[in-house]
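Given next are two forms of a protein chain, the same chain in both, each as structure tokens and marked structure 1 or structure 2.
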Structure 1
């Protein structure tokens, strides 16, 4: 890593004439004139769910949008569609001052591999919008870049140009350009112009989760998302933001850590890296293949694994995802130092909490979710814990009066065992039909089980 930086620095010295260049005022004015009209304001409301309490609050947000097609496709930063936030009433304001026009916007499905989202302007009168055209262009350490962002509310969201430099170039998990300074919120999603005058990308913050994004979440460093990451979505915009068929690739069913030199030395293995299996999920392809904690995977699907660092584990995850559902994959393992050749048949990745089915019962005020594999891991639930998990308890509802809380796992509802969302729906329907004066919910809060008594007043308007 460091040697690479040195190499880049040398390259910069050689090309020192280019490095010394700055944007001219004329260039920046040109950038503003050409690109500012394509910068718009995305306003939306969202239901934000507090993940611990399940309370939902409404919030109004404004963000920068960038029009990327003449028909009115708008690109904004991926923060708009994060977990626990559900945007609605989306408005796109195009133009400035007296020329401002507000349109309705429709959110499209968020891409998995880049942290941006797309909004379609309801373009009923076939307006041709000013839009940005991207060009691929590599950046180098020290390169200046120009951005156009939105100033704040009190400055009427006027567009503003700023100049930054590339402060660091990361080579993993993919080439990533980091800026040298922080930016105000109004610059998130801004178009990025290079010295040659090409719009080569937009400003972003986190990598996508598929790229191991959470490693970078806390850095707070603005990044440049190069246009080749999202060009395909501009050419073929994703569909409407409907519940989608999940296809996150293939699943092996292990949690792993890299074979560091210390671990290799301890186990007297060659210090060549690898993937140490630390946890094997029950009922997974890995457990079916007899893979055990402590096994070191040195070759997966004919790809040698030379991983030694925590952040490199994402590469292994990607390798598994891309290997193909249903495919039998050869795996070379070191078990207690001895090589073992085996194979695993990968399955479809289990549904994640993000895509878990949810059901809101209007009678008792409970919104519950299926317990997905990732929730099971997150909450440390034993495999025998079955039920649905309470996500929200409506304020003033029978469930709240019964002291039910988000996070409770419902295992029995009014005498009906609950193992799935369908069981829960059926149990609710049965109670609604029978209208008992009181009934009991059996569930699990934290590590312990217990009972809740619900006493609906059937004649009231609740």
Structure 2
């Protein structure tokens, strides 16, 4: 009995000693002195669109920025650039107190595989800015980390140091480090220091699917974005109008959901998880392989699928993307409870709705997008339905007065057939040149088609 008690005591002592590692005051002061000058304030306005009504409202916001190059490249939290929000009038405030200097900022193209954005300071005087240099560093459960964030406006946005720990480590669909506590907004984007004194990442929040997140959607909790997720963008910053930096990969062509225990019980299948195929895209690898709606994929490319939760579907998406374009992979499915073996030859991912081209028509107040394959499937559009889809309608515009709404598919604009963005631009230019007192737009809303009548007041501003 005595030896058992000693063993328990030793185990507790070892565990508490491992968890007792803490930063010293000297380490925190050194962290602050070295990194705080690179923490800046990003001020900007956003036009936020209500996706249902198309109404646009303006918001003014401040956020933490982190200077990551001597020339003035700034990294900020990725929620600056989300679906239905367009930032403008960006200002970067560097320094504190009497040493504050404000610069104009130019927003660069946002990466798709990590929720951060990059801003270029207008450095007309060739100023050398203080900046943070990152180093790779593994984290483990219970590790302490130090952060530098911004306090509130009543405290003059002073820089402040806090200490947190890694509360959880997730390994799918990529390694993700979760903090043990929530944080104030002023610490989102803050640099992260480990016990060795290395700046190993920044604090971030993943996008939810409603905000435009796709593969990496561990949303709702502060995470450490380790430096290897964004180092390539610091080394080679994206341009202002570059095509979106997308997470490319292979494409199967299905919409899916997890095989929950309830579904398995209803279909009298083993409660071992899997991927239920809800929709098969036409002309896709899945369609060519004979995969059907209702099939349950239980093994893909020799990897068993045990998915039971919605959030686990991202693991399957990553598995497909990483399999390789042009590769033929084996697939095992259950069809009406019976095993079926097939194979698919994966192709390059087609452009998705998130990557679709967009055009803002300032004359009539319409912002339209091209129709992509995934959008066509979601809206149940036949292959012969061509046009552009309305994303936004400016409040008080001629288009809104003509009762046009987001979601309408424009197929003819003022007598001009519309099959693409270029067709729409050409139709707008023709009407602007002719200036008719009235013209019609033929479109589709849901399953119904009809006409919208627009009556421009050419001598007034819309």
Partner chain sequence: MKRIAILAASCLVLTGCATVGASSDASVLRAKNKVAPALVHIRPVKVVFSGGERREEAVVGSGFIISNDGYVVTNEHVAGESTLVRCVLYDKSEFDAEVVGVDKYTDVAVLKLKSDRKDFPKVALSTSKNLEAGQTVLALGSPQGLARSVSMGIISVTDRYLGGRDESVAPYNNWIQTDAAINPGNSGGPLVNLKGQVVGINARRLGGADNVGFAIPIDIAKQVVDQLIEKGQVTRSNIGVTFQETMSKTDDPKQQGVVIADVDPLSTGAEAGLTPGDIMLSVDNVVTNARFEEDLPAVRKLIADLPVETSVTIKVQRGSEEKEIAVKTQALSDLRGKEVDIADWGFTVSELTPAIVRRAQLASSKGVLISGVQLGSVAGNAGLQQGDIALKLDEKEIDNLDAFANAIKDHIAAKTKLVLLQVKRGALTRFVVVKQGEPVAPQAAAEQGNGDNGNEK
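Model, not experiment: these values are computed from the prediction. Numbering follows the first chain given and starts at 1. The term rigid core refers to the most C-alpha atoms you can superpose between the two forms while keeping them within 1.5 Å.
Between the two isolated copies of the chain, the form predicted alone corresponds to structure 2. Annotation for residue 114: C-alpha shift under 2 angstroms between structures 1 and 2, rigid core superposed. With the core held fixed, residue 185 shows a CA shift below 2 Å between structures 1 and 2. For residue 332, the Cα coordinates differ by 2 angstroms or more between structures 1 and 2 after the core has been superposed. Here the two forms are laid over each other by their core, and the C-alpha of residue 295 is off by 3.5 Å between structures 1 and 2. Once the core of the two forms is superposed, the Cα of residue 270 has moved 8.6 Å between structures 1 and 2. Once the core is aligned between structures 1 and 2, the alpha carbon position of residue 425 differs by 6.2 Å; this is the C-alpha shift at that site.
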